[in-house]
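One chain comes next, on its own, written as C-alpha cells: the form predicted alone.
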Amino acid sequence: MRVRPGSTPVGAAGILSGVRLAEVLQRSTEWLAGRGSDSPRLDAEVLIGHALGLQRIALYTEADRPLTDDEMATCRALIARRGELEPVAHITGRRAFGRLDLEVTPDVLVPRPDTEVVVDVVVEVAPEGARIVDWGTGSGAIALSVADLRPDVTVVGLEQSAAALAVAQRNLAAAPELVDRVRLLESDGMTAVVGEPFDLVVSNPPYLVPADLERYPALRHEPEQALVAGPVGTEDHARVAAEAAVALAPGGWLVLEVGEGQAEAVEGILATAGFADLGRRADLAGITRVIWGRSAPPGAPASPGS
C-alpha cells in the first residue's frame, strides 16, 4: 500500500500516537483492504469504535480529536487481529442478528445475514402455537430470533458441542423475555428429543466440503465441525431430513439453509425423505439459500412464494 511521507500504516508497524481519529480510521481502512477484508471500511469503523467505546457516528463527530498512546495501542491490536482474517465478531465478542445482539466466540459460527432469510421463512410458515426444533443451534441465533419474532411459538435448540451450547445459553439468559419459550439441550442430532412431536424443524447444518477450508482461509477461525459436512457437502442435510421425517407431526415443515449450488441436491433429499410442497428462497445476493418442504395432509394451505 502507498502511504504519505511520514505516515505509518496500521498493522505490525502500529499506529503513531497523537494522530487524529479520522486519519486512524482511514489508515486502518486502507491497511485492511490490502489484507483481504471484503468490507474494510465497516471493519475499521466497528473495531475502532469498539476499541474507543464509541458509536459509529461518533467516529465522525469526533473525527478531529487525537488519540492517546493507550487508545492507539488498543486500536492497533484489534486491527492487527482483523488483518489475520479473524472475524470481527470474534474480536468484539458480539454480532447483531435480526433484532438481537448475540455473544459470539470461536466455539460457534458467526451468524451471517444469509441465515436471517432462514428465520424469515420459519416465521412465515410456522403454524400458530408451533413447536419448533432448531437442529444444531450454535449461538442460538435461529432459535432465539424465531422466538423473538413469533411470541406464540416454543423452540428447542439442539447442539452437540457443549462449548457452543454454553454460548447459546448465555445468549438466552440475556433475553429473559424468551426464557419460558426456549429450551436449549445438548444433543447429537435429535436424540435428546426422541418421541417429542414438532410442527417445524429448522437447521443451518454444516454444508461445506474439506477443500472449502483451503479456499476460504478466514474460515479457519470458526469451528470445523460446524462448517464441514463431508466430501459431498449435503451429508447433514440428509441426516436432518431423515430425523425430521420421524419427528414432525402430520403437515409439519422442514426448513434448511443450503450452500451455493446445493439447491437441487437438497430438494432431491427432501423428496426422497417424503417431503412435498417444496419451496426455495434466495438471499440478497440472489443465491438460493433456503429449501423447505412438508409432509402435508390433503387440503393444507399452500407454501409461501420463493
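What you see is a predicted model; the values in this text were computed from it and never measured. Start at 1 and count along the sequence shown; that's the residue number.
Heads up, the form predicted in complex with a small molecule isn't pictured, but that's what we're talking about next.
In the model of the complex, no heavy atom of residue 153 sits within 4.5 Å of the small molecule. Residue contact with the small molecule in the model of the complex: residue 189 places a heavy atom within 4.5 Å of it. Of the heavy atoms in residue 239, some are within 4.5 Å of the small molecule in the model of the complex.
By the criterion of a heavy atom within 4.5 Å, residue 130 is excluded from the residues contacting the small molecule in the model of the complex. Judged by heavy atoms within 4.5 Å of the small molecule in the model of the complex, the contact stretch among the candidates 221-229, 88-96, 171-179, 122-130 is 221-229. Residue-level contacts in the model of the complex: of 184, 109, 193, 72, one residue has a heavy atom within 4.5 Å of the small molecule, and it is 109. Contact annotation: of the candidates 141, 79, 200, 147, the single residue with a non-hydrogen atom within 4.5 angstroms of the small molecule in the model of the complex is 141.
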